[in-house]
Structures are given as C-alpha cells and as structure tokens.
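Okay, so here's just one chain, in structure tokens, the form predicted alone.
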C-alpha cells in the first residue's frame, strides 16, 4: 500500500469517493473471501468492508489483501481500541465503527488507519467533528431518519460528509447518493449471505455491476 498521507481524513475521503457503493460483508468461511472479492471486482466494485462479526474475518482480510491486491480492503464493526490496533497490523485501508465512544475516538486519532466513526444523531455528529473527524458513517441510516435526516443536518453541519449504512439497498441507494453531503453508501445487498454460502459468484458479480451503474450516476 502507498505511504499514508499526513491527513488520514483526506485519504479516507479519496477511498469513499472511489466506492461510492461499498459492500459491507460478513464472511463466515475464509475460503469464500478471495472468490467473493474477485466477483465484486469483476463487477466494478473496488472497495470492500469486511466486518469483524465472524471468527473468520481477520483471516478473510489477510487473504483478500494477499490475493486480490486491486481490492481496497477496510475493516468494519471495529468496536474497541484493541480491535483497531489489530486491524492496523493487517495494513487495512480504513476502519469503520457503528458508533463512536470516547476511547475509540482517542485511539483513532493515534492510529495510522483512517477511521470512519458512526453517528446517528446531531449531537453525535457534533462530537466527532469536535474530535477532528469530518467524515462519518450514518448508522442505522433508515431507522435513524434516512435521507430526511441527512438533508436536515446539511445546513447546520456543512463540514460533515457521510457514508450512510443500514437499510440501504438497490431500491433506495440512488436517493442517498443524490445528496451533496453523501460521499458513498454501504450495504450488504451486494453480497447476500446466502449467495456467499452457495458460492454464487455470478449473482454477486451481477449485483456489483448494477451497483457500479449507481456509482457512475454519482460521479461528478
């Protein structure tokens, strides 16, 4: 990976813009990691978030990093400083949390890994801004207010840009991507658990291609 810049937020913004549809995946078996990443890449998706929700996650990240170097790999569901330290040793491109505790934000300020904290309220958004984070995950997006919430905070919090995740799929992703304060969206619909379990890489490739069309619409 290229040497990280002095501004991790700028680096993270570049990654999110490269999405701008990012599959959020839970990988149960390490053997699925590489064919999954290759199917997504074949469909035009170049950024993936592998969540730390399964025992296989760390090994899955290792395998994708080693065998699919064109894929930009981030670690998701990072909940504690020790997890952030662990994924930093894997040289992931970024890390994502569903929320933002004080301890985690402190650790993220000292970490070499660009970090995307999660927010669900205006107060939480203000808190991450105070810590120097101008990019945030809006989660869970649909239950927390969806596009209406994002439009509402755009005025009072113009410096903050979002990656909404949670309840987003092919039916509503374009509505989020149309917003000026949205850099990208994340979702599990690109890699359904049943398709991964069945090794249905063709289906995943087709879903990725459809998402890539949304990405082209978002491009300036």
Ligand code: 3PG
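Numbering follows the first chain given and starts at 1. The model shown is predicted, which means the values in this text are computed figures rather than measured ones.
The form predicted in complex with the ligand is left out here; the points below concern that form.
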Identify whether the ligand in the predicted complex is within 4.5 Å of every residue in the set 137, 168 and 187, based on non-hydrogen atoms.
yes
Among 160 to 168, 147 to 155, 56 to 64, 27 to 35, the region lying within 4.5 Å of the ligand in the predicted complex by heavy atom distance:
160 to 168
Can you name the residues of 107 to 131 that have a heavy atom within 4.5 Å of the ligand in the predicted complex?
none
